[in-house]
Structure formats: C-alpha cells, structure tokens
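The chain below stands alone and is given in structure tokens; this is the form predicted on its own.
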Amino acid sequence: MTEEEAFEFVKNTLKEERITPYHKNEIEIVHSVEGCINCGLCINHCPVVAAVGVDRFTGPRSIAVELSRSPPEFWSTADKIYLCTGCGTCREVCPKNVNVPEVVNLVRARIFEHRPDLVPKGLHMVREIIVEHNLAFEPWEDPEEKVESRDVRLERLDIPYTEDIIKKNAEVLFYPGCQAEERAQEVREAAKVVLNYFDVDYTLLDDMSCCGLPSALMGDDETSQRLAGLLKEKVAGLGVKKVVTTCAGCTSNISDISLQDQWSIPVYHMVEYLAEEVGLDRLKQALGSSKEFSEVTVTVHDPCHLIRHTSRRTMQDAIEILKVISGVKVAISEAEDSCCGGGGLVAYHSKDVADSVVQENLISIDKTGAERLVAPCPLCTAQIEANLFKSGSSVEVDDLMVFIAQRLPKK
C-alpha cells in the first residue's frame, strides 16, 4: 500500500466513525480550550444564558468542554450549540482567551457533516436558498416589484436614488451584503449617496453573491468556502484596491477570508472608511451646519461582529461621526454593546431565544430617553426595530448610513 492509498484508507475509516481530522487552522482553536480554568466568567456574561437561563442554554463553557470528549460525541451538543449567537462576549471576558465562537463553528461543522439530521430545519431552509441563489435571502421574484419597494423606501426617507456604478479598476468595491441587497435596500442606496457625495471612486458587483458567513455559521463549510472563492474571483477581476461594506458580519468575515486567502487588499466597514479615508473634518463640513433637521437625541447599538470580531475602534468612530452632525445629541445606552440576539442564525430556528436576548437592549434604550436608535448593521437594526415595535416603543430605528445620507446636503 502506497502512502497515498494509506491516507485515503485512514480518511475513509475516520469518516465511517464520524470523525473529521482537524485542519491546520483549527488546531489553535482546539488548543485554546485546554486553557479553560472553569472560572465561570463566560457563563456569567453570556447574554443567552442571562435571557433564557442555564436550563435552556447551558452556556459557553459546556460547549467548550465538549472538545475534551471523543470526536464522535460532538453530536451530543446539538441541543445547545445552535442557541449560541456567536457574539464573542465569552471570548472577550475569558482570562485564558478560549475561542468559544470558533469552537461553536467547528462543532457545528462536524454535526453538519456527520449528523445533518440534527441541524435545525430552519437552517436547512436557509441553506437551500444559498445553494440555489448564492445569497442568504431569496431574491425578489419580480424585479419591478423590488424596484418599486426600493423607491417607496427612498421616498419615505427622502434619500435620492443614484444609478449603480459597475466598472473595473475602481478604488473601492462597495459590498452591501445580502440583507441590504435584497431586504434593507435603503441601506445599500444610502451608502451609494454617501460615497457619491464624497467623490469616492467605487464600483458594485455586477452579480452580487454572499460572502459565505451564513453558511459557515450553520456548519456548511463546503458552501462557505465555495462562496469565499467566488467572491475572491470577482474582487480580483474588478481590480479594486479596497473593499467597503455596510454589514457588520460581512466586515468581519471578509476581513478573515481576505487574510486567509491572501487578497492583499484592506477591508473596511463604511464607518471605518469614513473616519479613516474621508476624515472627520470633511464629515463635519458636510454635516455640521445643516438646519433642515430638528434636534434629535440618538442612542447607538454596537454590532458584535464589529466590536468583538473586528475592532472596538469602529464604534468609537461611529460616535465621533454622530457628534459632528448638526443637531444630534448622543445618549449612551447601558447595554449598547450587549448582543441583540440576531447573530448566529438563532432567529431562524429559535426566534423566542433571539427575542429574549434583545430585551436587555430594549430596557436600556428606553432609559436613555432617546428618540432614535442607530446601528451600523442591517441585521441588528431589523432585530431591534421589530422588537421595539412589538413592545409599543416610540423609538425609531435607522441604519447609520441611512441616518447620515438623510442629512447630507443635496448636490
């Protein structure tokens, strides 16, 4: 038997035993678990545990210690592994930096591969959409209805429509993400208004496709890697020098895959791009003297994928941008950096858990006395807005790009 034949024999044997060998990039994640000292900080700070209790979700530590068991027993975590929102609070407070969010993804991937029957039905439905359309949301059946919906939203928000720009060798690729592409179209259009106002040389994709994060979160590594490769091809074909997104999840995921796959170009959230490339001076000049809008008190929500998976500096930039806008007063919420419950695809199969997690945000938002909440993430805004509405709150919710685009002087 040759070495190659022996390797294939071992792989097939492992597959029969429902064992997937660790990849090189997973070894560090696995080793991080060995540092767990059972201090319980992760459980005390987990927003899901706080919302639904340890009887429903036993917490990050119980997930992490599953790696001390033999691999075939990973399937036994299925009752709790899908209730993790992936917010990263556990990793942030862990004195040993145990990488629980990535442990969750690792375990989900093995369950998906060996026990797909244990993957929640809602996630299988999302996967069907992604595999068929390369998007996390099913595209509109009627393109004309999509345009009508977009125009109604823009008219209500008083945001002008600008034609899409698709060209090669632009400075920036603006990547809106699946939600802004198909559902929250006002975010996509508002970002275009902002980019145009500051004369940014940008392009969109001629054929939008998912970055692969939803597939990775459900454990479908094969589809996630295929989508990452497809996006890399598109970015390389366009010849852009930077990627700018308006989605917190896309920012963290594309940053990761661009580093892993050596794209050799930086990835920014729009907030980072405005702060670093446009600059607060130009933003203040554009937004600091408008009298068109009455004074408003706003509070903010910090998306987990920005503050814990990218950089907390991003939300500091967001606050600084808000402070230069004429008539805007910022009221900080006690729970500004608490998970909204919208992450980890939890709402697709356990909406009651996701909605329980967001309650802390709603209470703290009410305490600020703010009239409006803004967040630089369409997933967060959708989750918080829906629950504010159900609670009878009068607080309105905007994506940060929409809030800025409304207040820019009309060219």
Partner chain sequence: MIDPEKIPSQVRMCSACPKMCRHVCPTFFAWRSDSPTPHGRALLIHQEIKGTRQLDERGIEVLYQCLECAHCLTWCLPEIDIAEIVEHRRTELVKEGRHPAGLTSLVANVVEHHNPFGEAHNARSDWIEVSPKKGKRIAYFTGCTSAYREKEIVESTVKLLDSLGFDIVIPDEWCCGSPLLRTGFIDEALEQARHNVEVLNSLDVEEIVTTCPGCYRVLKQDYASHGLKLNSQVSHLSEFLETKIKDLKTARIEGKVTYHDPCHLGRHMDVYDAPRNVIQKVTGRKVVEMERHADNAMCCGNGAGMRLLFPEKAKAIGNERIRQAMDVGADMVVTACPFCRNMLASQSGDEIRVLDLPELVSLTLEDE
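Residue numbers count along the first chain shown, from 1. Keep in mind it's a predicted model, so treat the numbers as computed, not measured.
Not pictured, yet referred to below: the form predicted together with its partner chain.
Task: Interface segment, criterion being heavy atoms within 4.5 Å of its partner chain in the predicted bound form, picked from 292-300, 144-152, 321-329, 221-229 - done: Heavy atoms within 4.5 Å of its partner chain in the predicted bound form occur in 144-152.
- [ ] Using the partner position in the predicted bound form, report whether Pro139 sits within 4.5 Å of its partner chain, counting heavy atoms only.
- [x] Residue-level check for Pro139: yes, a contact with its partner chain.
Open item on the list: in the predicted bound form, does Glu189 come within 4.5 Å of its partner chain, counting heavy atoms only?
Closed with: Contact check for Glu189: no, nothing within 4.5 Å of its partner chain in the predicted bound form.
Task: Proximity of Lys168 to its partner chain in the predicted bound form, heavy atoms at 4.5 Å - done: No, Lys168 stays farther than 4.5 Å from its partner chain in the predicted bound form.
Open item on the list: Is Val374 near its partner chain? Define near as a heavy atom within 4.5 Å, in the predicted bound form.
Closed with: Judged by the heavy-atom cut-off of 4.5 Å, Val374 is well away from its partner chain in the predicted bound form.
- [ ] Scan Met125, Leu205, Val131, Leu280 and let me know which has any heavy atom within 4.5 Å of its partner chain in the predicted bound form.
- [x] Looking at Met125, Leu205, Val131, Leu280 one by one, just Met125 meets the 4.5 Å heavy-atom criterion.
Task: Within 376-400, the residues that have a heavy atom no more than 4.5 Å from its partner chain in the predicted bound form - done: Ala382, Glu385, Ala386, Phe389, Lys390 sit within 4.5 Å of the partner.
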